[in-house]
Each structure stands twice: as C-alpha cells, then as structure tokens.
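A lone chain, given as structure tokens: the form predicted on its own.
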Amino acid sequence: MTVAAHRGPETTVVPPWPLVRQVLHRSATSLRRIPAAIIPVIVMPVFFTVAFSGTFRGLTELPGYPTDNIYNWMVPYACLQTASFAALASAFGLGRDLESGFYDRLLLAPAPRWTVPTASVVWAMIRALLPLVITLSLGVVGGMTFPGGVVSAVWWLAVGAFAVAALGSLWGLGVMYRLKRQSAGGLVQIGLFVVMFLSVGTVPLELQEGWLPYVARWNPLTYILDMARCGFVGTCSWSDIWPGLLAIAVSAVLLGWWAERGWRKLVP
C-alpha cells in the first residue's frame, strides 16, 4: 500500500488545476535543468524526417502512390512518431517518480487524485509541440507542399500529433502503474513502435502485401495518420477525418480503461 492511501477523509479537497499547473511547472523545470533531456526532442524529429524521406523517396514512383512529394507523405508520419516519443518521455518520468517515492507525495496533495495522471497526459501533449514545429519546419525546407491548404493541413496534423501523445501517455501510464519501475519504459517503447510501424506510416494500405494490410486495417493509427495527412496529399474531406476522430475516441476509451485499472492497483 502506498503512503497516499493514508490520506484521511477529513482532508479538504481543493480545485485540481493548481496541482496540474505545479506538476507541469516541475516537468518543465526538470527539462531545463537537464539540457541533455532536450536533445532527443530536437534530434529525433531531424532523424525521422531525413531517414524516412531519404530512404523511401523511390516509393513515389510506384503507380498509385498518393503523392509525388515524399515529404508530404513522410513528414506527417515523422510528426506522429516524435509525438509518441513525448509520451515515452512522460512514462519514463512517471517511472522515476514511482521509484523515488515522489509520486506518493503528489498523491497526498489536497486535490482529486485523478489530477496527477491527468497532468502526465497534458505534459506529454505539451512536450509534443516542439518536435511538431521542428518536423514541419524541416518539411517546408525540404519542399513539402500543402495541396489542401496550410491551415487545414496543419490543423489536422496537430490534432493527430496531440492525440498520439495523449494516447501513448495513457498506454505508458497503464504499464508504469503495474510495473512501478523506470525500466518498464522499454515495454512502453516497444508497444509504441509496433503500432507505428504496422500502420500506413511508409506505404499506403493499397500497396501493402502479405499479412501487413490486414494488420494495418485494424490499426487505429492508420486512420489517425490518414486524418493527419489529408491536407498534404489532397483536400481534407469529412470522409478522411471522421475515421481518425473515431479511432481517437475508441482508443481513448480503451487506453483510459487500461490506465485506470493500473491506477486502481496502485492507489487503493
């Protein structure tokens, strides 16, 4: 049983937002105090953009490929990939706090306990903003275009990236609450990578062969990616958007349940 379980019923509960703000401030302060922690935030967007766009440039010559500009296809994928790294960083931070006992101190705060995991999800979304900007900027420099309009393309890409950060954070919360150690971040990372690579990240569903299209068709990230890319490979229509929004909603329910069940094991 954690020390947080001893919080008495007479404790006065205050509004949740001050605690959320303090947790976010602590996370931002930790990022500033450890300069090395900011390096992956900058390096990984550059790596994914250059690696994916360079390695898979020849795919645009395939008949039926959705675009003749590889950046239009790969940059949204790189944005969502780096957003998942924001969720991974949030999971590692949670594991560190669980091992050190600091998490118990957070749970003793006179605020609703759901405030603490909510702050982790919000921080992952905030952390995803910088790699999103960096990756988009690299794409523009490389020659990325916006056939669906700049505002529409960037908007739906941002929705997809922030959703991936939030969903990945819920997955990480569920894992960390059960295993309670920072080393469990490896399992979080494997889960994120499997979902990312078994989607339409590099190759459209119509051009995949073997068992891959069957897996990708049931992968919710496929539909989130289609939504995030809609303004880069054409114009954004409702038929491109609603499957992604539905995938986000269903995934949020399932992963929220996963995180909540782990939370109940940690906090009686």
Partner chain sequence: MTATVADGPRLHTGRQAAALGRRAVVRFARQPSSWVPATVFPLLLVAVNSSAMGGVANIPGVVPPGTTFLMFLLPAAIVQGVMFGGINGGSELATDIQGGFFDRLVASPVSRPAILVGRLAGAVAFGVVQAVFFQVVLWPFGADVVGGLPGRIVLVVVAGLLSLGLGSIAAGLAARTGQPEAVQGFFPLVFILLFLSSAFFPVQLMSGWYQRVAELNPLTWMVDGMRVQVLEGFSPGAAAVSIGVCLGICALGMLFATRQLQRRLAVAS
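Positions refer to the first chain, counted from 1. Note that the structure is predicted; figures quoted are calculated from it, not measured.
Note that the form predicted in complex with its partner chain isn't included here; everything after this is about it.
Notebook entry, point to check: Do heavy atoms from each of 154, 252 and 260 fall within 4.5 Å of its partner chain in the predicted complex?
Noted result: Contact check failed for every one of 154, 252 and 260.
Margin query: I need the one stretch from 219-227, 49-57, 233-241, 22-30 whose residues put non-hydrogen atoms within 4.5 angstroms of its partner chain in the predicted complex.
Written below: Result for this chain: 49-57.
Notebook entry, point to check: So in the predicted complex, does any heavy atom of residue 213 sit within 4.5 Å of its partner chain?
Noted result: Output for residue 213 is yes: heavy atoms within 4.5 Å of its partner chain.
Check: Any chance residue 62 has a heavy atom within 4.5 Å of its partner chain in the predicted complex?
Finding: Result yes; residue 62 sits at the interface with its partner chain in the predicted complex.
Margin query: My question is simply whether residue 68 lines the interface with its partner chain in the predicted complex - judged by any non-hydrogen atom within 4.5 Å.
Written below: Close contact is absent here: in the predicted complex, residue 68 is far from its partner chain, nothing within 4.5 Å, heavy atoms only.
Next item on the list: Answer with yes or no whether residue 197 is in contact with its partner chain in the predicted complex, where contact means some heavy atom within 4.5 Å.
Entry: Residue-level check for residue 197: yes, a contact with its partner chain.
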